[in-house]
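Alright, two takes on the same chain below, each alone as C-alpha cells: structure 1 and structure 2.
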Structure 1
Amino acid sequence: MVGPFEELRVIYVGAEAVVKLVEWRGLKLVAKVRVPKPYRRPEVDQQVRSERTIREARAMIRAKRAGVPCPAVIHLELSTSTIYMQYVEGESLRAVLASGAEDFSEIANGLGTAMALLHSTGLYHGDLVPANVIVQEGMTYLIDFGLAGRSDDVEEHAIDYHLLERSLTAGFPLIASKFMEKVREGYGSVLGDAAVSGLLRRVEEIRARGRYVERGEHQV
C-alpha cells in the first residue's frame, strides 16, 4: 500500500497491542500494532511479534473464506508488526447488552452461526467474549483473532462456547441463559444437533474438572 496512514483515534490499548482507527486515501481502516517488549532481546522480540501477526492474519483470512463475518485483512506490515484490516462500524455486544436491549434473538443466533462456521474450518477464536463481537445493524462480526488457532479437537471449540457463556453469566446474568439458547440454535443450524450435543458434553467436562482457561485479558 502506497501513501501515509492518518491516525484518527486510538480504539484500544492492550498488553500486547494498540488498536487504532486510521484513514488511507479516504478509506477507514483498523490498524492493530503489536508493541515491542523491552524485556525481550530486540531480534527475538521482532520475531515473536512478526510470527503472531502472521498467525492472526492467517486465521482471519481462513475465517473470512469460510464465510465467518469478520474484518477483511487489507495489508500486513511486518516491519512494525501491524495488521491493517477492514473497519466494521458498530457497537460491541457488551455495549449493546449493557444498553438494555430486549430483542437480542437475531444477534445471538447470528453469533452462534458465526461460531459454527469458524469451528467448521477447524479454527477456534480463543477469546470469544462480548467485547470481541461487533454488532452492526443486527449483524454480528467476530473481531480480535490474536489468540485464534487451528484444532480439530472439540475441546478448543468448547472453550470458545464456555468463555462466551461464562462472560455473559458474569456480566448479564438475567439474560445469559436465553441468549445462549439462541446461540445454540444458530450453531445447530450450521453444524446440526449432534454437533451441539457434542459441544455441550465437552463443556460439561470442562466445568466438572474446573478448567478455566485464561487465554488473555478478557473483557466482558
Structure 2
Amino acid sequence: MVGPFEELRVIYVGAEAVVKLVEWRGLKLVAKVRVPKPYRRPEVDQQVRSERTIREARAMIRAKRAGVPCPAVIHLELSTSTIYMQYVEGESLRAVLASGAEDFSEIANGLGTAMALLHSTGLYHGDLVPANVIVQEGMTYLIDFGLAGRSDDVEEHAIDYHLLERSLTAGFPLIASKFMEKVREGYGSVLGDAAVSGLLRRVEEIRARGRYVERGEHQV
C-alpha cells in the first residue's frame, strides 16, 4: 500500500487527462488520471486508457534511466488509469513562447538535447509539442509520454521532429524556424551532425510521402 495521497488541487484539465497536484509523505506529486471518454464504446475506452497509461509509465522510466529530463514515476494505479509522478515546477514551453519570450536559444537547445538523449536510448516521444515541455529555470523537461514507444527506426524519430516543427509553425510561425535551428544544434551536440542530417532527410521523405506531400507547382 502506497497511499494515502492527499489531493491539493487540479492543475490541468485536458483533452485526455486530468492532472492533479497531490501530497504524499510531505512530497509534492502529480497524479495524471486518464478520464473515460463517453464518446467511445466502453471497450474501446478501456483499451485506450490502459494502453496509454502503461505506455507512458514505461517510457518515462526508460527515458529517466537514459538521462532525459522528465518526471520520475512514483506509482501506477491501473484500475483508474492513474500515474503518480514527480512534480516539475515551471511553465510549459507553450506558455513561455506565448508570453513572447525572445531569449529561447537555451531552451531550444536543451529541448534538442533531451530529444537526442531520448532517441539514442531507442525511444520516441510521439507527441512532442510545446505544451509537453516544461521549462524550469532554463532546464527543459519532457512530459506526456502517453504516445511514446520503443524504436530505433529513424522514421519514428523523424516524426518527433516533424511534429515539433509543425506545431511550432502552426502556433508560433514567426519564431519557428529560428527555434528549430537551435533544436538541431542541441540534437547534434549529443548525436553528431550526421545524425541531424539523417533525421532531416527522413523528415523530408515523410513530408513527401502520402499525405505529407511535397509542395510546388505541377504545371500541366
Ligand SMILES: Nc1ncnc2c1ncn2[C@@H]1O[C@H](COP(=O)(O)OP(=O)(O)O)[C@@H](O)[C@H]1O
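So that the term is clear: the rigid core is the largest set of C-alpha atoms that superpose within 1.5 Å between two forms. Start at 1 and count along the sequence of structure 1; that gives the residue numbers used here. Here the structure is a predicted model, which is why all the values come from computation and not from measurement.
Review point. Here are two forms of the same chain; which is the form predicted in complex with this ligand?
Key: Looking at both copies of the chain, structure 2 is the one that matches the description.
Exercise for review: For Gly14, decide whether the Cα shift between the two structures is 2 Å or greater, given a superposition on the rigid core.
Suggested key: Shift of 2 Å or more: yes.
Exercise for review: Answer yes if the Cα of Pro36 shifts by 2 angstroms or more between the two structures on a rigid-core superposition, and no otherwise.
Suggested key: Yes: Pro36 shifts by at least 2 Å between the two structures.
Check your understanding: Using the core for the fit, does the CA position of Val154 change by 2 Å or more between the two structures?
Key -> For Val154, whose C-alpha is compared between the two structures after core superposition, the shift is less than 2 Å.
Review point. How many Å does the Cα of Thr53 travel between the two structures when the structures are matched on their rigid core?
Key: C-alpha shift for Thr53: 2.7 Å.
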